[in-house]
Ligand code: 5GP
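Shown here is one chain on its own, the form predicted on its own, set out as structure tokens.
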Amino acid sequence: MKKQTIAIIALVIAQIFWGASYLMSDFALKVFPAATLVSIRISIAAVVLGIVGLVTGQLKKIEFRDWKYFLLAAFAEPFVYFLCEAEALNHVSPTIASVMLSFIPLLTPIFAFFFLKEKVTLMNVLGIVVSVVGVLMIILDGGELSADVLGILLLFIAVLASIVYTLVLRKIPERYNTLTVVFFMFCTSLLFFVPTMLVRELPQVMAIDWAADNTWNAFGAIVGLALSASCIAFLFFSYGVRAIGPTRANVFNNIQPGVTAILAWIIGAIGLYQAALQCEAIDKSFFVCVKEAAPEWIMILGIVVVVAGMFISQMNVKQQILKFKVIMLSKIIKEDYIVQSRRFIDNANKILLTGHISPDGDSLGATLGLYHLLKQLGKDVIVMVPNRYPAFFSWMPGIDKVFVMEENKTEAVKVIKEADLIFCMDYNTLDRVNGMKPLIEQSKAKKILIDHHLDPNINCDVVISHPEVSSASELVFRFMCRMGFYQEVSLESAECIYTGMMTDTGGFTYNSNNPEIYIIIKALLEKGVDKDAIYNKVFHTYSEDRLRLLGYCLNKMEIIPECNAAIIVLTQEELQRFNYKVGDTEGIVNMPLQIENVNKSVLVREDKTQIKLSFRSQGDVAVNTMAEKFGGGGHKNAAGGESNQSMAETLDKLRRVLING
């Protein structure tokens, strides 16, 4: 059975449990007062989830500065929400309660607009209007209110409390997984529930007849609530969210009112049938009882209208079309690789994302793009690069979390040894990660390669290598979408991926003719990426020294007319003269290609131990074969190599290669 099918089954089961919870609560309230009922339910659920968390090792320690969010969220939900829900069930039917509480996903976007400045769509507003009409059909009978006003008011407060909980939840750092958040939320809420129970309900609790059968039946209902609605349903729903994403998973919440109504109908029919048997009304069949217990047609229609409104509120025609286009991108990554990678990620406790030496925009974009998604999935993840990245990338979301090996080698060794899953990203050989090479080779961790360079030479469990793809960042986006996480790609992740794609194509001026690249760009822009701002941050933040170095390079540039090539040479002395910093020569090699008839450009830069060569070209001119003669390689229009010879010998060889091809 496919994982997506299993996820759908799990989500449906979760909704059945949650739909039944209103009926179970209604039954338990006949014996236990509201705060007592919820306190027992939460305590049992907290113990069960705590045991699960300890056994699986998923419980995380909460940092002191984050406790304010946990306290506020716990006060809103479970405390206010569950207490109002339980009290409301003393005044309204379970069906009406489930319908009213279904307004939570409808109203959340409106509150998010005012407090988080998130966009509200026309479909959100239309869905709310339609659902309000449905609720009015349910609670109004012949123009008069058929439900208790106090019950409706309590349910409305519960809705507001749940919305507050949702908004506060977004403030809780993503490093805490869902199980950790819910466990500590349950535990914290007991600080509110227990005093409330003792102050308001102690005499009632003391008067409970524990020898009566109905008491133990009600207590059994509470245990059932704790295990089914608070534990099993939570675990099933969490599995569904992980498998198909929160947006698709939340759609299943729309079936709760229907589940509650159907179960209430069946229970009512059973009650009528049992009464008929006790009265010896043998001629009254069960099917007759089902018909008599059926809700009024106006209530059924109202439930249908409410559910329809919920679906409408979550519709976004433009997004659905774009999502379809993203899903329909060429499936260049093998399905087996996706399944295996997903399994490695699910089973990993510590994930390490590694990039190459002298990190460029694509290396940082690919690693950080995946980093944000994995953090959102609750994973313990670290990005590591061999040396410092250029300063003009310091704005990238999450870059302050990037671990630079040469700045703390002892800690780097520890991080690599502790990782149980390592991603090798945007490099095809371990020679490109310097001191990380022996540690990665010796690591027993599972390894996944995501790269777009020719001839990968790394021993990995999964090798996702596609030289035809414009950038490793594009490949990472395809990888995330193929795993079913398009909806989960955050703005931060999208900004990193766009930066990688932009820088590795020279602002989409080469290696960017595949039309699917622009579908991906549109998808990233829909996530909120400001492409103009990113371009300015990367290409228009020159220091004075860098700009003077650029002018110096163009002034000393050598043109070789017979092979339509340009060469720029920078020695160590020249670099020091302009206070060279990592990244200062980024993009310089592309500039000679603006000259008419120049279709090849090479930047030759002298480092402390060797000479680096960067090759660029236009059109059908291939420079990767030229770079191979310097022990390197790369793409058709962008490649690199190295030389251990003297500068004079290197330049002599370079000119011969350029002229002879």
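The structure displayed is predicted, hence computed values, not measured ones. Position 1 is the first residue in the sequence shown; the rest follow in order.
Note that the form predicted in complex with the ligand isn't included here; everything after this is about it.
Asks: I need to confirm a contact call. Of 478, 447, 432, 372, which residue comes within 4.5 Å of the ligand in the predicted complex, counting heavy atoms only?
Replies: Answer to the contact question: 432.
Asks: Of the options 516, 461, 360, 526, which one has a non-hydrogen atom that comes within 4.5 Å of the ligand in the predicted complex?
Replies: If I apply the 4.5 Å criterion carefully, the residue I get is 360.
Asks: Within 4.5 Å, heavy atoms only: does residue 612 come near the ligand in the predicted complex?
Replies: Residue-level check for residue 612: yes, a contact with the ligand.
Asks: Spell out, yes or no, whether the shortest heavy atom distance between residue 41 and the ligand in the predicted complex is within 4.5 Å.
Replies: No, no contact at 4.5 Å.
Asks: Check residue 453 for me: does it contact the ligand in the predicted complex (non-hydrogen atoms, 4.5 angstroms)?
Replies: Output for residue 453 is yes: heavy atoms within 4.5 Å of the ligand.
Asks: Looking at the partner-bound form in the predicted complex, is residue 640 within 4.5 Å of the ligand by any heavy atom?
Replies: Within the cut-off, so yes.
Asks: If contact means a heavy atom within 4.5 Å, which one of 55-63, 30-38, 625-633, 591-599 is the stretch that engages the ligand in the predicted complex?
Replies: One stretch meets the cut-off, namely 625-633.
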